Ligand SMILES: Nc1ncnc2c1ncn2[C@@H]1O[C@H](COP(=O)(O)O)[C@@H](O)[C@H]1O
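Given as C-alpha cells, the chain that follows is alone and in the form predicted alone.
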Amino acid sequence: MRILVAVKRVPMTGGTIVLTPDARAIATQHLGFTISPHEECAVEEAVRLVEREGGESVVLTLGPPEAEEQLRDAMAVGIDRAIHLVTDEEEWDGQATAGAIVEAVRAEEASSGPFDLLLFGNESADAGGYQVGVRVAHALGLPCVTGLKGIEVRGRLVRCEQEVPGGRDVFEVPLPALLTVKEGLNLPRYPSVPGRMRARQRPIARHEPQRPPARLEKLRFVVPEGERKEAEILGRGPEAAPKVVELLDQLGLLR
C-alpha cells in the first residue's frame, strides 16, 4: 500500500492568535510552528496502515523553506519519504495549493507508481479553508470522504466513519481514494530521539512550483471570541462572610 499524507506548517494552536493589521494573516512573530492537529492524526494513520499492510508512506507539504521542520517531524514518527513544494513566505490560496499538490502527485505516481490512499486534514488550523483535499480529489478523479473519525482498510475498500448528531455515518469507497480526517481519529505518537536522528539523515525531494495568478480573493480572517471569564468580589475581610454564606446557600451546599 502506498499512502500520501499532505500537511501544512501552521502556528502553534495553543498560543494566542493575533491578526496582522489588514486581518489577512496571522501575526507569527512570537509563535512557534507545528502541523495541524487533524494532520497529526493523518500522519499517524498512514504510519499505522503501512505497519499493518506493508508498503510506503510519503509526506508532502507546500510551504516556505522552514516547513522542512514539519516534514522531518513526520519522518521521525515513521513516514518513509518527504516531498517539499518550496514557496516564499506568502500564503497560497486553496485553489493554487490544490493545483500544486495535484501536479506533485501526478509526477510522483509517474515515477514510483500510484497511491492507494491520500490523507489530508479536514482543514488547516490557521486558515480553516476546508477545500484543498476536496479540490485535489476532484482534479484526480478520486472518491472523497471528509471529516472522518474512523478508517478501516478492507482489501480494496476503505470503511469510513463520520461523527454526526446521534451517531455515525458509515461509507465504503473503493481504493484509490482521498480522505480528510479529524482530530480524534487516533492518538498520535511522539517522535523518539532515535526517530529524530534517523529523520535528520533522510533526503527530502524539493520542487519549486510556479504560483499561478490568484483567482480567489481573501477578504479577512476572524478570530472567534473565547469564553469570557468574570469574577465578582463579594467583599473584603469579615464583611464578605455573610455573602459567602448566602452564595453557598444558593448553590445548595448548606442543605
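In this text, all values refer to a predicted model and were calculated from it rather than measured experimentally. Start at 1 with the first residue shown and count on from there.
The next section is about a form of this same protein that is not shown, the form predicted together with the ligand.
K.L.:
Might I101 be said to contact the ligand in the model of the complex, defining contact as any heavy atom within 4.5 Å?
P.N.:
Output for I101 is yes: heavy atoms within 4.5 Å of the ligand.
K.L.:
Taking the ligand as it sits in the model of the complex, is E123 in contact with it (heavy atom to heavy atom, 4.5 Å or less)?
P.N.:
Yes - in the model of the complex, heavy atoms of E123 and the ligand come within 4.5 Å of each other.
K.L.:
Verify the contact flag for F171: yes if a non-hydrogen atom of it lies within 4.5 Å of a non-hydrogen atom of the ligand in the model of the complex, no if not.
P.N.:
Taking the distances in the model of the complex, the answer for F171 is no, it never comes within 4.5 Å of the ligand.
K.L.:
Is Q162 part of the interface with the ligand in the model of the complex - any heavy atom within 4.5 Å?
P.N.:
No, Q162 is distant from the partner.
K.L.:
Want to guess which of 145-153, 72-80, 124-132, 109-117 is within 4.5 Å of the ligand in the model of the complex, heavy atoms only?
P.N.:
Selected range: 124-132.
K.L.:
Given that the ligand is left out here, which of V58, L49, L62, A199 has a heavy atom within 4.5 Å of it in the model of the complex?
P.N.:
Checked against the cut-off, the match is L62.
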